[in-house]
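Presented as structure tokens, the chain that follows is alone, the form predicted alone.
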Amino acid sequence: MAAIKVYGSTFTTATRRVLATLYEKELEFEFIPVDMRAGEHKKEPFLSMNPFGLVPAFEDGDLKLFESRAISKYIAYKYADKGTQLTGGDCKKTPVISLWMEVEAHQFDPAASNLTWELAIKPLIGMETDSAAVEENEARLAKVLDVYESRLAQSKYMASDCFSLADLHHLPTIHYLIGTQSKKLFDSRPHVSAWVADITARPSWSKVLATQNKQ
């Protein structure tokens, strides 16, 4: 049995974020599906692992964690000697990676997650898309991507010329959005578009999508 266990749903962006990190680190783990349609994430025993009733939950031996970004940071630092170096590894790069991780969480994700909900998830579950919410959040995301375009003109990836958690954290929502009308926001910015093509082509991400297909 693997010491690392991930409890979640491969359709959720947060679960995918953790899986991508594990695949980048080439770590063995056990994935335990949580049936969200049946409400398993809102009941015990899952609530004992994440009291907020949100996926994923994570175990590494005796350690239990929730919140996907905290989990990915733990994996990257605990297993720094494995797979891809995701945290920079020197005193200058690490703070810059942390900075762009904060940008993803607080600037990019609010608008991107709202658009994912409206344009990708709602149609899947038979709900009607709120066009006003789409318009508002596309405008918000466009402003963030203008900053990204300028940043990515200076470096190949968000924090440096090396792939890091600052890039990986974007992958789940970007994957959903490039399958919707919001793809135009990425395509219209050349450096952003090249970055998206690069990070979505990583073998780790292909493995995440293959995991989903098995569910």
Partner chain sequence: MATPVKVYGPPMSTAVSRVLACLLEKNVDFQLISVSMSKGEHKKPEFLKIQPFGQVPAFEDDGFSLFESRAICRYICEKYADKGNKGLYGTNPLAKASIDQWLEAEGQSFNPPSSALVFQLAFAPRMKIKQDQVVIKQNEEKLSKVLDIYDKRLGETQFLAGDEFSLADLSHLPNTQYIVSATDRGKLFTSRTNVGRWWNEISKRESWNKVVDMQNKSA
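Predicted, not measured: the structure shown is a model, and the values here were computed from it. Residue numbers count along the first chain shown, from 1.
What comes next is about the form predicted in complex with its partner chain, which is not displayed.
- Every residue in the set P51, L65 and H106 has a non-hydrogen atom no more than 4.5 Å from its partner chain in the model of the complex.
- In the model of the complex, its partner chain stays beyond 4.5 Å of every heavy atom belonging to D130.
- Taking the partner from the other structure, its partner chain in the model of the complex has no heavy atom within 4.5 Å of any heavy atom of A120.
- Residue contact check for Y74: one or more of its heavy atoms lie within 4.5 Å of its partner chain in the model of the complex.
- By the criterion of a heavy atom within 4.5 Å, T87 is excluded from the residues contacting its partner chain in the model of the complex.
- Out of the listed residues A70, C162, I32, A153, A70 is the one that sits within 4.5 Å of its partner chain in the model of the complex by at least one heavy atom.
- Remark: of stretches 142-150, 170-178, 185-193, 32-40, the one touching its partner chain in the model of the complex is 142-150 (heavy atom within 4.5 Å).
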